[in-house]
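What follows is one chain in structure tokens, specifically the form predicted on its own.
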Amino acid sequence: MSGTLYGVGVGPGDPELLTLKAARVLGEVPVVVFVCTELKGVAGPSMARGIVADHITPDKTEIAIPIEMSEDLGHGRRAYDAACITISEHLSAGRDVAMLCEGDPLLYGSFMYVLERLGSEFKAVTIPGVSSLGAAAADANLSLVSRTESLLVVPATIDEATLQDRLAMTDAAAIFKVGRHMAKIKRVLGTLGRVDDATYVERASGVDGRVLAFTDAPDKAPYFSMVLVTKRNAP
């Protein structure tokens, strides 16, 4: 009998935001998979693994998927292809496998790439996690939407014209993957007259996290940062 593939959301950073179900599964599975950064061929740390380090005992088999942060999507495809061969071998041998994902596995989560490759061949179970979106709003004590308002979730990595067009059509927005795109976001929000509606959240729920008015946001932001754009509606 084949093993089960689990996509485990480990939350945005605070280990105490790990769900009870995720903790139980991590205690039961023999194989744990996680993405780590790669720089010039050298594998770096994994944020997802770091969040749940206390739940990974020495008896577990660990599989790291090193991903280089670059515009070359081919590198990522090859890394996932290679990892899925190893993962499928464990599943075929009857061993359950848990893949760790920051936040929620299916909201810009790396688990989707493994699920696409192996989900039709093996039983797959996704365990949702506290998303970075929810954590950012909580850190800022900010209501995202109310009543009939709509919320746009958009990556800062898209081109400036498209970003502006999408933001112009929504009540509220969560701009993910800020990183080196801060200057573009500032231009767009300035053009739309929504700078005062925006809040900058960095490393939500983490011990080094911070919340700033968008006017005080740094010109260079880390990848794990977000801009929330909301309306201040009267009740």
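Everything numeric here is computed off the predicted structure, so don't read it as measured data. Residue numbers run from 1 along the displayed sequence.
The same protein also exists as the form predicted together with a small molecule; that form is not shown, yet it is the one meant from here on.
Residue heavy atoms within 4.5 Å of the small molecule in the model of the complex occur in exactly one stretch of 89-97, 129-137, 74-82, 142-150, and that stretch is 129-137.
This chain is drawn without the small molecule; in the model of the complex, the residue among 32, 173, 185, 204 with a heavy atom within 4.5 Å of it is 204. Of the candidates 49, 55, 194, 177, 177 is the one whose heavy atoms come within 4.5 Å of the small molecule in the model of the complex; the others do not. In the model of the complex, at least one heavy atom of residue 107 sits within 4.5 Å of a heavy atom of the small molecule.
In the model of the complex, the small molecule lies farther than 4.5 Å from every heavy atom of residue 22. In the model of the complex, none of the heavy atoms of residue 214 sits within 4.5 Å of a heavy atom of the small molecule.
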